[in-house]
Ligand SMILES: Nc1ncnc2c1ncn2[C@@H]1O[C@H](COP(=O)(O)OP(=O)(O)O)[C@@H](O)[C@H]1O
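As structure tokens, one chain now follows by itself in the form predicted on its own.
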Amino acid sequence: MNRIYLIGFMGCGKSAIGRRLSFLLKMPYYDMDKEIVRQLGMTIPEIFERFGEDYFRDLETKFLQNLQQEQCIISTGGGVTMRKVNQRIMRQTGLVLFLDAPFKEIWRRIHKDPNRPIVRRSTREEIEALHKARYRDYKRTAHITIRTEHRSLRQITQYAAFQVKRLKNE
């Protein structure tokens, strides 16, 4: 197992857990969205506005295909699992951990975030429907689902690290 992918809906804690897991396991960390922003020199809302969502999804796939680092932790974009090719790449090249947070908690975290283009142009009901639609892909892609409700970032990180170490020893 070389890579550890963190998947889940926007606002579920992928970046926060990824940074902490990187420190705990002493592995390099990549935030897919931040890497794409850095490479293009544009914010995600700017990329969506100028090129559209399909272009952004293409960038996510290229990131997965072209990443050279073998041993690392990657927090993915919330929509990365919508493409079967991305599901396949992640499952074949690493351990996929789904951070499963309840929608009410996710909404509380994201509803005022100006850097989330989908949230800016959608109602709560539309975002909840998107969450439900993507949920199947998260479950299908994940090797392990980690429920985050009523758990601190520290507890979630320690549980993720435990699972990684357990599987490395098998």
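One-based numbering along the sequence shown. Since this is a predicted model, take the numbers as computed values, not measurements.
The following text describes the form predicted in complex with the ligand, which does not appear among the structures shown.
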Practice task
Please run the contact check for A16 against the ligand in the predicted bound form: heavy atoms, 4.5 angstroms, yes or no?
Solution key: yes
Handout entry: R136: touches the ligand in the predicted bound form, heavy atom cutoff 4.5 angstroms
Key = no
Practice task
Evaluate I156 for contact with the ligand in the predicted bound form, applying a 4.5 angstroms cut-off between non-hydrogen atoms, and reply yes or no.
Solution key: yes
Exercise for the section: Using a 4.5 Å heavy atom cut-off, state whether R116 contacts the ligand in the predicted bound form. Expected result: yes
Problem - Candidate site I4, K62 and T93: all three near the ligand in the predicted bound form by heavy atom within 4.5 Å - result: no
